[in-house]
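Coming up is one lone chain in structure tokens, specifically the form predicted on its own.
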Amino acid sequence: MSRIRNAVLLAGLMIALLVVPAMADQEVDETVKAKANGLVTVENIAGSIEIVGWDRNEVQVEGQLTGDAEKLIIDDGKKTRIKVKYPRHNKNLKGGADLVIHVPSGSRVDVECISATIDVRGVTGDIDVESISGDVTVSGKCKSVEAESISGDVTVDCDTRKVSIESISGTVEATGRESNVHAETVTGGIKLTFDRFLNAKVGSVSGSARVSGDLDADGDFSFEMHSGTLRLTVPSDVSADFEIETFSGGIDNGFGQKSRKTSKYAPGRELEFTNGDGEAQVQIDTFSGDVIIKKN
């Protein structure tokens, strides 16, 4: 009889647990003091993070926690640390955090997410953002940008002197005025449009790249492609020395000089030429991808 009684009690407990409602969504609205040029870090697993610079020496976090997102943690010591807490050892998380975070415009911002989108704008300090499967967007005027996503797209539209963007399967795109630019993908495409590149390092495995802008006379410019096509557009009066080599891809040079085969036994092509005084140094290497150089 005791076994039957225990079984009945256990069954009743299980039924009670099943009818307990899921944790209700939580609205969050918290504000803390912050330095005008301090560091703000954000950690979140899922959802969306929107960071906006403003003219107050405060960090304000507004938004909603849903599903398994338990609570918002804000530490306001030497740096402002914002973290969304989730249950430990839960591989099937539901919900997440959708947050709008206002920070002093001069802040340095560091954001790490897993499947959350990230959007940063109006921040003038250094920006370092990373998401695994979410899209990343940065805009405005800032000191530097490092933006990375594994399977999401990365878009940067900033007036800054340093841009580094990377993705594995997503596309990366950056626009701006004058900047040192580093862009890499594996299967995603690359699109870079700047008034002037101070230096540039561009690489892709199977994605193609479109690069357009003037080349600084003191700059070094490296392009390394595997199977993707490189389309490089520069001014007709650019002062640069070009060294181009492909293993099996073709070379289409809008400046007129013709490429030659690297060997009578191999399909590779090579081309070296100088435009103007040849000040900027341009090195282009591809495996099976084509190289197309245009002038505007």
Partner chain sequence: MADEPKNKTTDRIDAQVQRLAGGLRDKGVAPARDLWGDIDQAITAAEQRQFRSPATPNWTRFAASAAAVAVLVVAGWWGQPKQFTVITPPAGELASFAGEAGGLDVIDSALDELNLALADDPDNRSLTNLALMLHQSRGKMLRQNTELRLNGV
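Residue numbers count along the first chain shown, from 1. Note that this is a predicted model, so its numbers are computed, not measured.
Beyond the structure shown, there is the form predicted together with its partner chain, which is absent from this document and is the topic of what follows.
**Student:** For the three residues Lys33, Asn57 and Ser179, verify that every one has a non-hydrogen atom within 4.5 Å of its partner chain in the predicted bound form; reply yes or no.
**Tutor:** No: none of Lys33, Asn57 and Ser179 comes within 4.5 Å of its partner chain in the predicted bound form.
**Student:** Looking in the predicted bound form, any heavy atom of Asp285 within 4.5 Å of its partner chain?
**Tutor:** Answer yes; at least one heavy atom of Asp285 falls within 4.5 Å of its partner chain in the predicted bound form.
**Student:** So in the predicted bound form, does any heavy atom of Ile150 sit within 4.5 Å of its partner chain?
**Tutor:** Ile150: contacts its partner chain in the predicted bound form.
**Student:** Consider Glu243 of the chain shown here, and say whether it contacts its partner chain in the predicted bound form, taking contact as heavy atoms within 4.5 Å.
**Tutor:** The answer is yes: Glu243 has a heavy atom within 4.5 Å of its partner chain.
**Student:** Contact between Phe255 and its partner chain in the predicted bound form at 4.5 Å, heavy atoms?
**Tutor:** Output for Phe255 is no: heavy atoms all beyond 4.5 Å of its partner chain.
**Student:** Which one of these stretches, 232-240, 58-66, 45-53, 25-33, sits within 4.5 Å of its partner chain in the predicted bound form when only heavy atoms are counted?
**Tutor:** Contact criterion met by 45-53 only.
**Student:** Can you pick out, from His226, Lys191, Arg121, Lys79, the residue that has a heavy atom within 4.5 Å of its partner chain in the predicted bound form?
**Tutor:** Only one listed residue qualifies here, and that residue is His226.
**Student:** Scan Glu184, Glu173, Glu146, Asp110 and let me know which has any heavy atom within 4.5 Å of its partner chain in the predicted bound form.
**Tutor:** Of the listed residues, the single hit is Glu184.
**Student:** For the stretch 105-123, which residues lie within 4.5 Å of its partner chain in the predicted bound form by non-hydrogen atom distance?
**Tutor:** Ile114, Ser115, in sequence order.
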